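Take a look at this one chain, the form predicted on its own, written out in structure tokens.
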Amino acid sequence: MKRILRLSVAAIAIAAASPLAAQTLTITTAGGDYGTAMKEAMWGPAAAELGIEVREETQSDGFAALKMQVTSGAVTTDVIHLGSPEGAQAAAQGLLEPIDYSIIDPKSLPAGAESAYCYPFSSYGTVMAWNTKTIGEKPPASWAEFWDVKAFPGTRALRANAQDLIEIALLSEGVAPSEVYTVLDSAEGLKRAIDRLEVLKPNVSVWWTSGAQSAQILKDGEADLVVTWNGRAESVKADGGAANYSFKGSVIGTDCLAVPKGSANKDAAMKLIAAMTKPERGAKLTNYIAYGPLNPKAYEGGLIPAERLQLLATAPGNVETSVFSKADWWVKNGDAAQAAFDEMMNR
């Protein structure tokens, strides 16, 4: 009897020392190749480390699923993968728990990428790409030179959307990356950016509306200089197309991880996010997809092969001149920015 009692006490002590033992959490992702990459590199190893079970649900529209769960009071997911603009929108609508930075390292994000409600973990860049046959080996070295149609004649292709372009327009006028949103917060900032885009408008031959279209433009040589996403430019280059690109002055977008408001497993969910986003796991994600981790330590100690670094928006050498897209600014000002952009397009 005493032996049984001692074993029972020992079992209770072990359970108390492992609060996540036998716990099950649910993570919601968009599925597909990205979801598979996250499982293999991030939450699969994190779950094993914490001794928990993680179930995956996939949703093509994570924001809609999140809003339905929270507003109905039937929250079934514990961690959700969102684009940072969606994360900011969800935070503004009270759909997320605040990130617990006593559990998650507050120093694990670079300046400009911080978020109170949706923890950024991967990144991509809106970049300058060019046709190597027509532009040659000396492309524009900055957005200011991209605007210089005398020194760099040729057609341009830009996205038919204000997002990222207004930031790039200010960079082209010499605004420092750290000051872009300070300028946009000023009374004349948005007008200044739109006016700058209007200067370039006569030299824009295509205003594209999808990432696939931007890649095709670059591949076909339909424009000499193209603003696109780094993954699209890299796909054309890797397929042998006459294309190259630069991260200098890129606008970095991020994806993030959040805990829905009302999750029954809030603390455990925060611990899962912390474990998922350890440097070695962010580094491993790049084995599957060319999205750069946000944690700067992921770039230390050779965790990412040197040849892979050049493909990542947040890698040293790429990130220093970039602007992190400010998701909460776009939630607050996006409609006004797009309206001003559309008005400029119709003039």
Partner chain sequence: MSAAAYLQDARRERRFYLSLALPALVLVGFAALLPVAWILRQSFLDLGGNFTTANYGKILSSGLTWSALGTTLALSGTTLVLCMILGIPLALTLASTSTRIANRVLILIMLPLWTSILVRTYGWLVLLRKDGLVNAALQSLGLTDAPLPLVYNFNGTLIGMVHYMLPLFVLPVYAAMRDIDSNIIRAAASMGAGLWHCVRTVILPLSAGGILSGSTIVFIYTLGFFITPAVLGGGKVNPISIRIDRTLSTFQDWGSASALGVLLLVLVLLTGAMLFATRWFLNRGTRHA
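Keep in mind it's a predicted model, so treat the numbers as computed, not measured. Positions refer to the first chain, counted from 1.
Same protein, other form: the form predicted together with its partner chain, not shown, and the subject of what follows.
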_The chain here is shown without its partner chain. Which stretch in 119-127, 190-198, 140-148, 160-168 comes within 4.5 angstroms of it in the model of the complex, by heavy atom distance?_
160-168
*asked:* When the contact criterion is heavy atoms within 4.5 Å, does Ser115 count as touching its partner chain in the model of the complex?
replied: no
*Decide whether Asn230 counts as a contact residue for its partner chain in the model of the complex under a heavy atom distance cut-off of 4.5 Å.*
no
*Is there a heavy atom of Thr132 no more than 4.5 Å from a heavy atom of its partner chain in the model of the complex?*
no
_I'd like to know whether Pro110 contacts its partner chain in the model of the complex, with contact meaning heavy atoms within 4.5 angstroms._
no
_At 4.5 Å by heavy atoms, is each residue in Ser205, Ile217 and Glu222 next to its partner chain in the model of the complex?_
yes
*Which listed residue (Thr155, Asn244, Ser235, Asn265) meets the criterion of a heavy atom within 4.5 Å of its partner chain in the model of the complex?*
Thr155
_Residue by residue through 167-203, which ones have a non-hydrogen atom no more than 4.5 angstroms from its partner chain in the model of the complex?_
none
